[in-house]
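Form predicted alone, single chain, as structure tokens, below.
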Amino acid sequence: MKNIKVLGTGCSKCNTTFQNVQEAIKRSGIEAEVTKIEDIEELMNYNVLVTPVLMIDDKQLVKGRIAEVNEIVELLKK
């Protein structure tokens, strides 16, 4: 099972990324646990300077932009 985290402050880009992750999981059929982290103090623990950040299995793969659904599906397959 994949561990996915969307890091962000709750802005529209962060929310869109989170929705795209949900859609990518549906399309791919891959089992995943998704966590949305919005707490500023917790974000600092990840050394995040720009949001949103998409993490899969504790690797920061997309930073500072919205991850598209097809892109997330490809990342989940790796």
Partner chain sequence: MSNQNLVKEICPTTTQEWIKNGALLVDVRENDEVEVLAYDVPLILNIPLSEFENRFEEIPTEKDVVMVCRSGGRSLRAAGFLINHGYNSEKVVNMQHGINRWVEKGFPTKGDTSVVLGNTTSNSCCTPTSGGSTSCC
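Positions refer to the first chain, counted from 1. Note that the coordinates shown come from a computational prediction; the quantities given were computed from them, not determined experimentally.
Form predicted in complex with the partner chain: not shown, discussed below.
Contact annotation for Glu31: none of its heavy atoms lies within 4.5 Å of the partner chain in the model of the complex. Interface membership of Arg65, defined by any non-hydrogen atom within 4.5 Å of the partner chain in the model of the complex, is ruled out. At least one heavy atom of Thr9 is located within 4.5 Å of the partner chain in the model of the complex. Although the partner is absent here, Ile37 is not a contact residue: none of its heavy atoms lies within 4.5 angstroms of the partner chain in the model of the complex. Contact annotation for 43 to 57: residues with any non-hydrogen atom within 4.5 angstroms of the partner chain in the model of the complex are Met44, Asn45, Asn47, Val48, Leu49, Val50, Thr51, listed in sequence order.
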